[in-house]
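The data below hold one chain only, encoded as structure tokens and taken in the form predicted on its own.
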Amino acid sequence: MTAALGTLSRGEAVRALKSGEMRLHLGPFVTALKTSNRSVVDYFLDIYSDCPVSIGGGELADYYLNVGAPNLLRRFIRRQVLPDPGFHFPTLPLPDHMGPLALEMGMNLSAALQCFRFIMFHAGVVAKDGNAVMIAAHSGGGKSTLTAAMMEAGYRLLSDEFAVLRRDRNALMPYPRPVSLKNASVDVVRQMAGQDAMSTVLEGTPKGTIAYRRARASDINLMHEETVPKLLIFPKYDKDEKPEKRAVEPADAAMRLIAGSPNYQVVAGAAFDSTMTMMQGLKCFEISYGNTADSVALVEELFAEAAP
């Protein structure tokens, strides 16, 4: 039986995390979490407070993630933290206070490298009235900032990191985890969403300054409601750039999506069929812009055309 994490006492939640009995139920995935790292515990209890969880070591999970020191020495001397998703992956340890980043990295790794029930694309996803916008960009292209901005424009968050496409029909599954923001984007989104929507800021990470915008309770409450992909956006932010839109051929757009998929090659034939079906109903555009307001206006305009 699940309950919102925030309804548990701190003691009950901490004990479940330390013992590895904490189960996070989010979208189509159940993740078993284990950690005694103080920064991870504090972050998880705050930013995931609206998410459904259960406690029970006997309950099966899709993923098992342990976030802790890489060895006994680093628990006490020059303390470090590392995500362990249960399989070998070359990840550098982080300073102990960067536990939230280690947790989110571990959850990304778990889904990206162990999910074969769905086709995964590296993209943010927001939706309105059952129709979805996919936002795909390379690091620094503005994907997460635009995803967070669309939330403030009245769109529902499905995911910041993965577009999760079903194999049996043209539908995207929600996986509403926190939106990862870097450097200048942190202040931009804080001004839009308010401080209560944001995590504490991590300075000096390998990716610069990082903070997370929490998923809203309304996003989490709708985490089992699928949406139909209607619009695919490739954003490009460049300071002082005038807002522009350019249509992208579906074949080109598909190749860009596939290049960012962590499991397309493994799912193989089913991935091709599902992706081609999805592309038939998608309008695809590149947009360039110099500020957040322009980016939202462009997406709103294109969405109105793609999903009238």
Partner chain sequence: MMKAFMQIAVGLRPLPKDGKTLSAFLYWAGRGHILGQVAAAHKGEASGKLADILENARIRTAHDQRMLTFEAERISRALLGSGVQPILLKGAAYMALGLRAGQGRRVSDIDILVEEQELAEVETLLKKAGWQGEAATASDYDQDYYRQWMHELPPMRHKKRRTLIDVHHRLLPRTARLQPRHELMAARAKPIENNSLRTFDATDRFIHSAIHIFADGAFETPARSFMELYYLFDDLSADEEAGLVARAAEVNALRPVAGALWAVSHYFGEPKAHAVLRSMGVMGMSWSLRQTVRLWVRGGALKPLAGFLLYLRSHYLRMPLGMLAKHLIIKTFRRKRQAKEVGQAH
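Everything numeric here is computed off the predicted structure, so don't read it as measured data. Numbering follows the first chain given and starts at 1.
Beyond the structure shown, there is the form predicted together with the partner chain, which is absent from this document and is the topic of what follows.
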Q | All of D50, H138 and S180 with a heavy atom within 4.5 Å of the partner chain in the model of the complex | A | no
Q: Go through P100, P235, P85, P174 and name the one with a heavy atom inside 4.5 Å of the partner chain in the model of the complex.
A: P85
(Q) Using a 4.5 Å heavy atom cut-off, which residue among G56, G281, P243, P70 comes into contact with the partner chain in the model of the complex? (A) G56
Q) Just to confirm, S274 within 4.5 Å of the partner chain in the model of the complex by heavy atoms? A) no
Q. Is A268 close enough to the partner chain in the model of the complex to count, meaning some heavy atom within 4.5 Å?
A. yes
Q: Answer yes if any heavy atom of I77 is within 4.5 Å of a heavy atom of the partner chain in the model of the complex; otherwise answer no.
A: no
Q. Just to confirm, D294 within 4.5 Å of the partner chain in the model of the complex by heavy atoms?
A. no
Q) With the partner removed from view, which of 211 to 219, 87 to 95, 129 to 137, 184 to 192 is the stretch that lies within 4.5 Å of the partner chain in the model of the complex, judged by heavy atom distances? A) 87 to 95
Q: Could you list which residues of 58 to 74 come within 4.5 Å of the partner chain in the model of the complex, counting heavy atoms only?
A: G58, E59, L60, A61, D62, Y64, N66
